[in-house]
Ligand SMILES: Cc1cc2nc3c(=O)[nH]c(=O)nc-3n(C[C@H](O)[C@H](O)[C@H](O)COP(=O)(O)OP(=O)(O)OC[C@H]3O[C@@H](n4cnc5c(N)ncnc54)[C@H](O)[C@@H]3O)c2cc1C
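So this first bit is one chain, no partners, the form predicted on its own, shown in structure tokens.
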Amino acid sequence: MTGPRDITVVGASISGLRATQALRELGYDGRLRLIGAEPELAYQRPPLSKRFLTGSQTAQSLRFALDPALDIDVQLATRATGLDLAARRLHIRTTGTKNDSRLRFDGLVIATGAEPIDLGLAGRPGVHLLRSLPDATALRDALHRGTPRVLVVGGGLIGCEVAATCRTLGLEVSIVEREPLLMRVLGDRVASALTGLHRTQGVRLHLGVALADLHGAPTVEAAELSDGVIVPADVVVLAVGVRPAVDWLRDSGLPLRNGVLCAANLGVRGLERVTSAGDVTAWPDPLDGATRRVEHWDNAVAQARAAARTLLTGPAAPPFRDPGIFWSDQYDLRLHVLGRPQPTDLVEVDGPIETGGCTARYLRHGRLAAVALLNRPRELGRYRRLLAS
């Protein structure tokens, strides 16, 4: 079978953008489209919860450029609404229009990412999500309008970064988190250290409880928690996680299970010339055999090239293997996490974990499975090599 000659990439965030670039770099010279729901091309998302909110980084500095020489047909403000696999047609709708149009393809990369969970509160005055540049712009404007009291709902990565940023702006900040510790995905020892860091920095922590209700009209004035505590708040940031953006695929026949279910090489299960990359992708990780979906920036970039390669090579393409990495800046802490820590891992800590400057090694079945580096960036290369091997 000859290779595809008409490829469409759905999703113009970093994974979709990098997939189109990789296709050209790998020698594909056929027709290539990039479809994106947002009105602009991919931009850096990690700074949205940090430097962009403080005002030290501008929107223009976040944006990526696309080389015109790559000859990519870019269609922005255009949302995928359906997929007809039998006819190999993609249904799309441009913002401001009422009817769908259809695009024929013989190769497809799905890179539609994820969308934030809004708890049914999106659009209420004073309530903010943080996923897109418009989200971050609205939140930044609210944070710089007087001295608002901020409530962050969710103590994961984004919630902790937003809380730290707001404290550096001198704002009163509270976090409500269902778990007993912040960022508990890193295991209790590291999570305890991060929880203590936020407490020391003056964040008011409400742990082991949930948001029950919001008070105030028309804008938010306070939040009621599940234990009955009332927390004054002018700005509420919802950071309770995301879900894969697969609603447009519900009737397509694609295998969906917490994302688009793929083979180890990121080819969609049971299909030819259809691959997936980034936050929307669920695949069996060859590192431990578990089917997972990873929502971090470096993973989206790495999977983009692997999905492009598999689309051109076919089922014989090798599995996607990447130990994974994410990083976070909170106050004076630079955190790097390599690999994918699990709650059952045995954790060994080298250094003073309460004050940073330590290494946490996660052991699984007697082998190194992940590493958390707290203010130890010089060890990054060594552990990256160890995990890759």
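Numbers follow the displayed sequence, beginning with 1. Only a predicted model underlies this, so the values are computations on that prediction, with no experimental measurement involved.
This protein has a second form, the form predicted in complex with the named molecule, left out of what is shown; the following refers to that one.
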Please pick out the stretch from 59-67, 324-332, 22-30, 359-367 that is in contact with the named molecule in the model of the complex, where contact means heavy atoms within 4.5 Å. 324-332
Would P46 count as touching the named molecule in the model of the complex under a 4.5 Å heavy atom rule? yes
Just checking whether R273 would be counted as a contact of the named molecule in the model of the complex - the rule being heavy atoms within 4.5 angstroms. no
Classify D345 as contacting or not contacting the named molecule in the model of the complex by the rule of any non-hydrogen atom within 4.5 angstroms, answering yes or no. no
Report yes if any heavy atom of V10 sits within 4.5 Å of a heavy atom of the named molecule in the model of the complex; otherwise report no. yes
Of V127, L197, L181, L130, which residue is found within 4.5 angstroms of the named molecule in the model of the complex when only non-hydrogen atoms are counted? L130
Stretch 50-71: residues contacting the named molecule in the model of the complex, 4.5 Å heavy atom cut-off: K50
